[in-house]
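This document opens with one chain alone, in structure tokens, the form predicted alone.
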């Protein structure tokens, strides 16, 4: 018997058509992001930010920077998923409840902080980590939407510098992906064929 989680993975599609009359409440948007933030991040940095565009005016501003893609404005909400450059100084605060609960000694918290400081002193590594965290958050958001009976459509076709200016991203933030979420309209394709495992899997 196929588990519900596996069935969800196998049925998910990247939607391009959304019911423009469908809306999501603040609570529904918050639940999507709460679930998205269960994604893993290195050192528990949680170095991401989710900008949820729900108003027609905000979505129109983004659509003009996303090459006119209709799903930006037709979906109930379109998220800008931002990666944030790693800040090693934040690690003790991020791990404080975990340490207080007795799961991690303070010495390990400090070791993680030093490890992150050394690892992300390289700007390219820091940028790569921001991209990874945002991508993991976006993927988890997509599956959270599916689990809640919603469709989603990830997008990388947009003017990143324009989005940064228009939506006031900080110098330590980068827009990694857009994800449209809402009720699917008729006309979406089924999940497209995947390459055979023999082409993508090596077991050593």
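Numbering follows the first chain given and starts at 1. Remember, it's a predicted structure, so these values are computed and weren't measured experimentally.
There is another form of this protein, the form predicted together with a small molecule, and it is not shown here; the text below is about that form.
Peer 1: Would you mind picking out the stretch of 163 to 171, 148 to 156, 32 to 40, 49 to 57 that comes within 4.5 angstroms of the small molecule in the predicted bound form, counting non-hydrogen atoms?
Peer 2: Every other range fails; the passing one is 148 to 156.
Peer 1: Would the small molecule be touched by all three of 16, 177 and 192 in the predicted bound form, meaning a heavy atom each within 4.5 Å?
Peer 2: Every listed residue reaches the small molecule in the predicted bound form, so yes.
Peer 1: Does the small molecule come within 4.5 Å of any heavy atom of residue 69 in the predicted bound form?
Peer 2: Yes, residue 69 sits close enough to the small molecule in the predicted bound form that at least one of its heavy atoms falls within 4.5 Å.
Peer 1: Would residue 12 sit within 4.5 Å of the small molecule in the predicted bound form, counting heavy atoms only?
Peer 2: Judged by the heavy-atom cut-off of 4.5 Å, residue 12 is in contact with the small molecule in the predicted bound form.
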